[in-house]
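A single chain, nothing else alongside it, follows as structure tokens in the form predicted on its own.
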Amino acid sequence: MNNLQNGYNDPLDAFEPKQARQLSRREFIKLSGMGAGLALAVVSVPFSKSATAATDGVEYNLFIQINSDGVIRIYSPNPEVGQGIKTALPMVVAEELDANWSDVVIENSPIADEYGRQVAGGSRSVPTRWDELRAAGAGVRAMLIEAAAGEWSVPSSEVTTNQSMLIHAFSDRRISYGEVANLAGELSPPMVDSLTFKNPEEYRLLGTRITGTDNMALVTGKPIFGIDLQLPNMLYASYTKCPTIGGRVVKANLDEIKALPGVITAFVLEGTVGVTSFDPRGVSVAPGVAIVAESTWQSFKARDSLKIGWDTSEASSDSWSDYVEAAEELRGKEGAAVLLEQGTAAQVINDAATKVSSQYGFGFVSHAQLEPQSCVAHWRENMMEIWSTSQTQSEVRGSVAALLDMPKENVIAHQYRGGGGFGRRLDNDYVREAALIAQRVDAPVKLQWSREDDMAFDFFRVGGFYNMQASVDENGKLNAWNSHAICLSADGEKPNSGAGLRPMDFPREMLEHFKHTQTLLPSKTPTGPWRAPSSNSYAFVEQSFVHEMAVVAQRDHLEFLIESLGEPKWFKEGDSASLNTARAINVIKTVAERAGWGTKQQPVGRALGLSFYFCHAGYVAEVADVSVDKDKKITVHKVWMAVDVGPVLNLSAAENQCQGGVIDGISTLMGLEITMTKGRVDQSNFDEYPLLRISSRPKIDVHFVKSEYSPTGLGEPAFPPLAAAVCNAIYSVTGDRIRDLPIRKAGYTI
């Protein structure tokens, strides 16, 4: 139950689009401003939108091309990493265009400044594109209507559209979009404030199930991922970095490596001194040894023979065991920095007859995306061309240009589908490595990381600790809350990326007495955004602790949770990042009803657990049906979800996002943890980092509540509630309160 305002430093805030000035039709106008008087426009980009684009097509704006044969090309601007955005965003365009979906061909857009925020992160693709894509579709529909009206010499108001057809009902005439495409392309674009948008009840596409545009290619093994890319005369590179994070190369047996079969060259990249920080726009590169060969296998095989001397004087010396010990020593001590305070929480809790004091913890985790990092780069004629799976495609060109000290215009970037991301591909470190290697080679070069590289050199979800205190009054109502966050920090001034607690509406807006404090522990281990940053861990703490309070108050958890939210209201009207308790209470009641909360007796050894969380403008409540046997083996039989993210664009993809959030949540709470010893990550592959097996997948019931608010994203909000829901159920079965993740450390298996 957090928000994104009041000074929280979200690393994705920097990628929000800036307002553009109005230009002529053949120049760029940024549609996302949506101000009155803006016109739709065509943009010229420094390279072709599509190698397969028809030559007779009319490009009406950044997103739409219509060919005379009726084919409608819609360019999807944001990176696709499995979240379904490549299909969902074109659906918005096609809906307002009133296109027949079978006429639509979807392609990735170019990477160009004209497209603004080409980022997949923060569950923001839908909310930041919603208005501009609706305008793009509605604007072209208006142009087609005007063209048809001119052909028929009738008023535009008498022309309607339906499934890529223009219709004049009075004369029973109809014509396809393709037949008037060229004529419409000669018209002046309409002003945005003159456009008419569909009402939700008129939608034919949005809210239905549409199969993903890449689904057939996915299931038939077509080469659509970045790792699949092949170019003529391409070479293959590996890059070996110091296993102690932040170490640099002193010496290496390069001559021996160059003599190995298939090796073209080997060299040292000096890189950046010390541990690199998460920065998609940065220029840092970890030092290491590059091996370029005729195949990936030969490059990987050659690195087995590397002998490197490392200087670790500026490297990390972090050990997870030291963090755990330091956090325990800090428990209950005074002197923490006060971040937020109102009333006299400590005094109220101290004087209360019913109170709870608990310490929670959670470890580092890896992104562990299925496709390890891979990037193709080609240096020629003072130009760098990049093919990548970055989640921050709009930052690739600037980052590489700054690294190579060259004009941004000399960097060409192409986006490819990524095999998962979860925040890892937000940073372009692997892209910068590929660019530096390609500068030394007269051919396209594919840099390929191994799984071990991916796990050792991640920007991890940070681990942390929370000391929690709260009390209830004589009526069993929550009346004071005191939380102390122990966060890891690289600079001693602010928490590392994903480590800090975002300022909260809950419980601050609900309680008269509230206090939040923070202590920073020094850390060099690199961290970054990981699915639902900070919410992914704090939701477990907060919602488990709310259940603790309900238990000591001898209250039903559902009743206690709803009561703790107070009267239904929106704390900051119109701000999607601010908690609307009416929406929160609605999803909580809905999921409880669907799960049959309190209506039937559970079998011995089995119970329901409830949790709710608000983050990234999404409201999600979950109930988990869990059993635990005498050997502490748990079974998650079913998870119910009630979700409010405004109107759903693609029901199929939205359900998939929610189901994935639950599965990812169970996998993470059960067994996922990254530890480090003296600066080296202890885990290296999935045998030591056990992802959930398909046989342990529960049944998942996803219900989207009807909502008239603007649509928001789903990648983040679906994840956070799961851990507390399961752990609260485990407590109801066993009386064992789990306060440390993953739960396999407490002897539980699945």
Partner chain sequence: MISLSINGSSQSLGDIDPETPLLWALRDTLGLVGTKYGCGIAQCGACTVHLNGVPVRACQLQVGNLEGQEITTIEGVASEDGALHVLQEAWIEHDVPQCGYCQAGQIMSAAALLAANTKPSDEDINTAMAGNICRCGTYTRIVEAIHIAARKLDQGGTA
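Positions refer to the first chain, counted from 1. All values derive from a computational prediction rather than experimental measurement.
Not pictured, yet referred to below: the form predicted together with its partner chain.
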If you check in the predicted complex, is W101 within 4.5 Å of its partner chain, heavy atoms only? no
Heavy atom of K301 within 4.5 Å of its partner chain in the predicted complex: yes
Is K706 a contact residue for its partner chain in the predicted complex, using a 4.5 Å heavy atom cut-off? no
Would you check, heavy atoms only and a 4.5 Å threshold, whether W320 touches its partner chain in the predicted complex? no
Could you tell me which of 60-68, 680-688, 706-714, 720-728 sits within 4.5 Å of its partner chain in the predicted complex, going by non-hydrogen atoms? 680-688
Of the options A577, I210, M468, A138, which one has a non-hydrogen atom that comes within 4.5 Å of its partner chain in the predicted complex? I210
Find the only residue in R508, H367, K524, K355 having a heavy atom within 4.5 Å of its partner chain in the predicted complex. H367
Within 636-668, which residues come within 4.5 Å of its partner chain in the predicted complex, counting heavy atoms only? S652, A653, E655, N656, Q657, Q659, G660, I663, D664
